[in-house]
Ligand code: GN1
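Next up is one chain by itself, shown in structure tokens, the form predicted on its own.
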């Protein structure tokens, strides 16, 4: 059944040759992804990626695909000699299709590569920073404001915190008593954490193209050289602040523990990994960011960490409806991990600022 379905999708996207084989790719928890291989007329094999989009998660897939089309075509036009993502189009010019069942499909080029879910190798971390910095550089002259905001107010930290404290005041499930220390800490840093999103709303920072999921496993690497090839997973590409992409990347990469580590004594912010990521990122972005953006990188790291802590805590207080939980109190454990990380970022604030400044000087 799937063989026939994928064959039909390939025909709609005008893939050349004869459908030869397919494999299910199990990485990723949202969309259904398949590597499909075609035998071309000369007997050679060529592979593609076909995905069925989970429209229960992505409610506006056409807007997502329009954003992706804008971004990928801009990169392909301005960087024709580099590996880039290419989403194929149907005969009517769309980079997506609906099948007879109403399922939403897309097709992109396959890039032979490897990925790293987590990594302690500083060279790989630096290369990850380079990949995301280069992605920002490739789109520095692109008007991010024309993109759809597919998740409205996604990184409006100020609004996220307002919602949290509205739910704290309501205390509908009576869970406040179990997390008084967490509520108190986030309340104490509420103004600091919300500063950048308020300034962005006031027009103090450029509207950039932001990836919004800058984890290491969203970079494809060459199998042999371990050099970065291309940034993938563009479903959350939106207008936003470049600093938050940076901050979210190092928040994840530099955390010495899992995001749900119950023993917060194991959680701290690894400055060696931060330095490695900065080296790659700031070396690749080549002055495309403004001074205000560069001066805000460390604060953005703290802010987005608090934002995530507030989201975990808010979900805990309102019944664990957004994030999948594996046991009672799972979201509270996640909250405590992010708070511990944020505290360590603040303890190391001056050192992190110095690392950013010295790295910038190296690349002038």
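Numbering follows the first chain given and starts at 1. We call the rigid core whatever largest set of C-alpha positions still superposes within 1.5 Å between the two forms. Computed from a predicted model, the values in this text were never measured in an experiment.
In what follows, reference is made to the form predicted together with the named molecule, a form of this protein that is not presented.
Of the residues given (279, 208, 251, 106), 251 alone sits with a heavy atom within 4.5 Å of the named molecule in the predicted bound form. When you look in the predicted bound form, the only residue of 27, 56, 326, 44 with a non-hydrogen atom within 4.5 Å of the named molecule is 27.
Put simply, residue 185 is far from the named molecule in the predicted bound form: not one heavy atom of it is within 4.5 Å. Using a 4.5 Å cutoff between non-hydrogen atoms, residue 271 does not count as a contact of the named molecule in the predicted bound form. At the 4.5 Å threshold, heavy atoms of residue 154 reach the named molecule in the predicted bound form. Within this chain, residue 70 is remote from the site of the named molecule in the predicted bound form, having no heavy atom within 4.5 Å.
Stretch-level contact check against the named molecule in the predicted bound form with heavy atoms at 4.5 Å: of 71-79, 279-287, 121-129, 212-220, the positive one is 212-220. Within 4.5 Å of the named molecule in the predicted bound form, a heavy atom is found for all three of 233, 308 and 311. Contact annotation for 259-277: a single residue, 259, has a non-hydrogen atom within 4.5 angstroms of the named molecule in the predicted bound form. Relative to the superposed core, residue 117 undergoes a C-alpha shift of no less than 2 Å between this form and the one not shown. Comparing the forms between this form and the one not shown, the C-alpha position of residue 333 differs by less than 2 angstroms, with the core used for superposition.
The rigid-core alignment places the CA of residue 53 2 Å or more apart between this form and the one not shown.
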